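First, one chain by itself: the form predicted alone, in structure tokens.
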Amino acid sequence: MPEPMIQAIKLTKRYEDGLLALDHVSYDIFPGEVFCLLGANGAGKTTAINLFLDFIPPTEGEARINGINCHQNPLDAKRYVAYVSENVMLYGNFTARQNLDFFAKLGGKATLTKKDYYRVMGEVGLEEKAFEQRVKEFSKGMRQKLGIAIAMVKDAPAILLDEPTSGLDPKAGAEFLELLKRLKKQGKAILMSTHDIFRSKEIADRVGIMKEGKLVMQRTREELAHEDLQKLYLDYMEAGVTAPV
């Protein structure tokens, strides 16, 4: 049995104002696996991702990437993870290739060539005419693809995606799913927070539902095969907060 690449171990975050944003949440994500976290705004999905990135410290528990405690050894942990947010932060006056080159060198990949960048941008579905186009002219779907290209160039074994399909049109959303399938085949462990129930059921090996900081459900693809995930989600949203089922 392989070791988990991404681990939440009784992960808890209580803010100074007393808000319990994350309440003893645990899950493991293995290489070649996609885990989708569903939940309303404020359910704790983004808080968990922020803990893996050491943007905030945990109150209790551990976030681990490749067995490394993300809070105790953040620089070591970050070597193994790539992050794509809902609104990918890029340099608008740089071209797509220049952005890719900048972030690749920032991540320690100093020997990549223009040919390498063109290949990766082609793999994520960017049109060739966009390679040398300024990013401020990009649509949201194009920006998301470039964000994934940056993650691919880093070649990290763990990928964190925070609402990556938000605002994408159906075509861009479908292309994004195909990208995730390719990354999964490459053995990447992928944690994706999302509101997108339908794409979650299509891409996820496991789905978790977050409510008020608790992980109230975890189910595998096989367990969800004959379930109406939307109805299941709505049932959990209407019910009280209980232990994971």
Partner chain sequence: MPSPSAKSVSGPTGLIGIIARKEILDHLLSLKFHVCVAAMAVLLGLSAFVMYRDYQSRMETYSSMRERAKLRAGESGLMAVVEPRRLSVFAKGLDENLDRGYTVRAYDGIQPHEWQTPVARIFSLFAPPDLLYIVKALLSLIALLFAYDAVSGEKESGTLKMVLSGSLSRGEFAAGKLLGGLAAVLLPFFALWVAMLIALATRPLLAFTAADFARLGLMFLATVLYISAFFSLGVLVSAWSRTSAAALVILLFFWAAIVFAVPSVGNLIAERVSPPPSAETQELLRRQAFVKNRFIAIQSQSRDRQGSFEAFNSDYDRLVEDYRVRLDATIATSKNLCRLSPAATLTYFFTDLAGTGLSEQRRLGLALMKFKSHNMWALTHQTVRDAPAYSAFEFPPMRLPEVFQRGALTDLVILAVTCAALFMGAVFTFLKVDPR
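Take the two forms, superpose them, and find the largest set of C-alpha atoms that agree within 1.5 Å; that set is the rigid core. Everything numeric in this text was worked out from a predicted model, so none of it was measured. Residue numbers count along the first chain shown, from 1.
Omitted here: the form predicted together with its partner chain. The next part is about that form.
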| property | result |
| --- | --- |
| In the predicted complex, the residue from Met142, Val120, Leu168, Ala156 that sits within 4.5 Å of its partner chain by heavy atoms | Ala156 |
| Among the candidates Leu53, Leu183, Ile203, Met217, the residue which, in the predicted complex, approaches its partner chain to within 4.5 Å (heavy atoms) | Leu53 |
| Distance check, Phe103 to its partner chain in the predicted complex, heavy atom within 4.5 Å | yes |
| Partner contact for Thr194 in the predicted complex: its partner chain, 4.5 angstroms, heavy atom | no |
| Residue contact check: Tyr80 to its partner chain in the predicted complex, 4.5 Å heavy atom | yes |
| Partner proximity in the predicted complex: Asn66 to its partner chain, non-hydrogen atom cutoff 4.5 Å | yes |
| Joint contact, Met5, Tyr15 and Leu75 to its partner chain in the predicted complex, by non-hydrogen atom at 4.5 Å | yes |
| Contacts with its partner chain in the predicted complex, stretch 108 to 129 (heavy atom within 4.5 Å) | Gly108, Lys109 |
| Core-aligned C-alpha movement of Arg79 between this form and the one not shown, 2 Å or more | no |
| C-alpha of Lys105 moved at least 2 Å between this form and the one not shown on rigid core | no |
